[in-house]
Each structure stands twice: as structure tokens, then as C-alpha cells.
Ligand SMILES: Cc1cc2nc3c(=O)[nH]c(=O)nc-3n(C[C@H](O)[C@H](O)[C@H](O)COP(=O)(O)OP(=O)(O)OC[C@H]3O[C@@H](n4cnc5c(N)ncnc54)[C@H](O)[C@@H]3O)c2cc1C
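Here you get one chain, nothing else, as C-alpha cells; it is the form predicted alone.
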Amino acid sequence: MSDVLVIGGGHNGLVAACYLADAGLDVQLIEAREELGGATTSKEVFKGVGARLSRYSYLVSLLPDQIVTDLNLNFETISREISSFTPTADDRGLLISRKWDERTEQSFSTVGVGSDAKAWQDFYGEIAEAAPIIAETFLKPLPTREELRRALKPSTFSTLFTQPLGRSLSERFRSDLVRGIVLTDGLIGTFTDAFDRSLLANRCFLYHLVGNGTGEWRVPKGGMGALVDQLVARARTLGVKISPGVRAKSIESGEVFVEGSDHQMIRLKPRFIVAAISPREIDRLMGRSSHRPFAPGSQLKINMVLEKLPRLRSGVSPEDAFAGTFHFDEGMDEMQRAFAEASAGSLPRQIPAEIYSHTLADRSILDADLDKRGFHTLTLFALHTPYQLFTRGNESVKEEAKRRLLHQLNSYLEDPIEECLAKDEDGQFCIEVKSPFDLESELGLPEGNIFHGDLEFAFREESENLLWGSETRTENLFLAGAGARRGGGVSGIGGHNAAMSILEHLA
């Protein structure tokens, strides 16, 4: 009998396994699929094309440097000097550097939003003060709401935790273009109205802006699979027994019944269970009806390999435009319209979306031939494309969404994107679309929700009996996945905190 059974071999399960094994516990990890890593894998997606794509997840902000150091991982992320570029209908565009500079100041003026320049600096200055305060709590027991309120300025606490994000942005910025650029961080993977009193957009915005105390989104060197490779190697070095192709079938009275590739049922009785899976899947394993309502997954991801980057009608170099986040059709009014149309059951006529190029920061994901020939990758992430739109005809709706998005993108390009796409060895364009429906069927993400459910704020109420945010109603069962309090995203925080909670029980 092992001390700990970890269910789920994504990055959170691997992080938990490493911490617990390093503390001297006997740890076994099972993963239903033959491949470890879950949404953090890298693959050569297109036949005969040597480009390892981060197929599901793509950038890193929330992974604390402390976890990388604690586990002695050889994993590097790369800064992007340009934060974003947003083209406008009149063939201009707003280019924003990661750090405010003269170029950014001039760009605000050129596109006619100069009145928002100071508001931008003030707003992000306030967030920059709050980010290290909040991030510093992520690998510690949960603070209470009141403790966090006392640690922050009243105006900042209101912006993040009290007032709907859409209202705050409407009060702070005059330009719909600028409001939209800010709002996108509240909508990545989250299907909600910007003014909704549930504050779903605020919760998403919080986690996008405070990672590692800076909120900087960085490119994983070697792709997201490089993180998985390091975690797997470290887990094995620490003696973790890793069993891919083994599926948990049920959890009963602290015992876990699992099925291997030979279809034999095995009963395991560990002292502790770490569930690096969704809360909905835990309910299923325990034979409980799930009463966990949450917003569906709402993102559509398109992966592309290009022979060349397209030129832009604005005249901005593609090396600048795609180095950060390339926003298009993401004004706040446009996103509100798209949300209303999707809520009514229709694919938005104009789908808000954003793109970045991994290869502008990191060429190591390309083989030597593609690198020499100047190939690039593009990752497109569309908003307000919820799960329910795809359940009635996934492939046809995906094809229509792709058609609309490429048409929208082409309206800002001098070179149509189709003329830039590489082809695989069968002559097919190197472009693939992943819908929320695909994320559920391929990765088990409930309704394609990349956070396993609605994100929650990084504090607890005084009445909540939570310490690390991983505890469950079952005494020896700890939640380590994206659905844990302070879970979501590629962070490892859920895995770390589940491990710390177990170690605290043993102390």
C-alpha cells in the first residue's frame, strides 16, 4: 500500500507527486491516457512537419518560480518585449510595449486614444502594486477576504474583488479599443458578461494579472511539453511509481478501484488520495450527482505552421505585431455583442480573437530544416465560442468558425493567411482547430472548461473550513487540479498546495 495515490498525470498531479516523494512518502501516480501531461503536452501535429506545438496551452505566467526552484526543474520561460498589438479598421494599430515607453506613448496618440495613456499607466500601476502582495499568498494557506482587503488599497480591492470589471473599465477608460484590450484578460477561457455581478470576469482577470508578482506572460522555451518532460524526469528520480494507461473507476470508503490496459480491476487503499482531475470527475468516481453549475468552456484554439509571417496593412512589421498578443475585433462593445449572440445559441458573427507567435521568441520548437527555411507558428485563441455551440455539429461549426476567423484576420493583412500557411507531406494546410467539445473528448475537461469550473477568488471566507484550498469533504482526498481554490492555468499551484495540505496533516 502506497502512502499517496495521485490520480491524473497532468502538470498539477506531477507537481504534487514530486513534492510528496521528496518529503519521503511512497507515491504512485496513475494516468488514464498513455501520455502524461494532459493539456501541457507538445506534439508534432502535422504529418512530416517538424514543429512541436503546445497544442492546448501556450503561455506561462502563473507557474511560481519557487516551484521550479524547489523541484530543481530545468525549465525556462522567455520574456516578450512587446505586450500587444491591436490593428484598427483604418489600417493603423495600437502597439504596447511590456514596459511603458516612448513608442507606446506615440502609438496611443497615433490611433487617437492618447487621452487614455495616463489612465492606462495609473490602472496598471495600481495592479503592479497589488500583484506581488496577492501572488505571495498563492503557495501559503489561504488568506481570508478581510486579510486581503487590509493588505490592498481600497480602490484596488474594489476593482479586483467588488465591482464588475466592465464597470471599472468604463469608468477608467474612454476608448472602447483600450477597454477591450484590458478586458480580454478577464475573458480568456471564461464565458461571461463583463458587467455580470457574479464577477467571473474579475476572477479570471485577477489570475491573468498577478502571476509571480508581475503578471508577465512568458513563452515556455521548448514548448509546454518541456515542463512535462522535466516534471516526469524529476518524479522518476524521486521514486514516484508512474502508471500510464491506468484509469480510476471509482472511489469508495477511501479505496480506489482502477482498471489497467489489460482491463483487470485492482483495488488500492492509499493513506491519501490526490485528485489532479476535475471536481465533476471526482463526483462521478464517488457515485455522487454533480451539482456544480459553472460557465462552459468558451475558447476555440487554432494552431498553425507558416512558411512566412504575413505582412500587415498597417505597415507594422509582423515581427512586432505577432511578438506579443495580436488582438483583433476585441473592443469591449464587440465582445459584449459576441457574448450576447453566443448566449442566444449562435456563433458570433464577428468572433473576438487574439494571436501570438511562439517562434518569434523561441525557435527551438522547430527542427533544423524548418528553422533554416524561416518557418513560424501562430496560435489563435478565440473568445465567446462556448461548448454548447459545438455539441450539435462539432466539425461543421468548427469549420464555420475557422472560416469567419480567417476572414476577419485577413481584413488586417496585406498577405492573406492562406498564402502563408505551410503544407504537410500530404499537401494539406498546416492548420488545426480545437473546440471546447474537443477539449472534453480528448482531455476530459468538463464542458471544455480549461479551469475545470468557474475560477474562485484567491481567499476564503471566515466561515469556510479551508486551509490550502485543496481539502474536500472526504478526509483523505485532496483536490490538486485546476478546480482547486487558486487552481486554473498552467501553474502547479494546485499540486503544490495539495501536497502541503497532506504534509501538514502528517506533521
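The first residue of the shown sequence is 1; numbering continues from there. These numbers come from a predicted model, not from an experiment.
There is also a form predicted in complex with this ligand; it is not shown, and the following applies to it.
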Report task. Considering this ligand in the model of the complex, find the one stretch among 469 to 477, 45 to 53, 65 to 73, 24 to 32 with heavy atoms no farther than 4.5 Å from it. Result -> 24 to 32
**Report entry** Three-residue site 8, 247 and 452 fully in contact with this ligand in the model of the complex at 4.5 Å by heavy atom
**Finding:** yes
Requested in this report: Would you kindly say which of 335, 277, 187, 273 lies with a heavy atom within 4.5 Å of this ligand in the model of the complex?
Outcome: 277
Query - The single option of 108, 381, 173, 437 touching this ligand in the model of the complex, heavy atom within 4.5 Å - result: 381
Query raised in the report: Given that the partner is absent here, does residue 301 sit within 4.5 Å of this ligand in the model of the complex, heavy atoms only?
Result: yes
Query raised in the report: Counting only non-hydrogen atoms and a 4.5 angstroms cut-off, does residue 18 reach this ligand in the model of the complex?
Result: no
Query raised in the report: Do residue 116 and this ligand share at least one heavy atom pair within 4.5 Å in the model of the complex?
Result: no
Query raised in the report: Applying a 4.5 Å heavy atom distance criterion, does residue 459 contact this ligand in the model of the complex?
Result: no
Query raised in the report: Can you name the residues of 50 to 65 that have a heavy atom within 4.5 Å of this ligand in the model of the complex?
Result: 56, 57, 58, 59
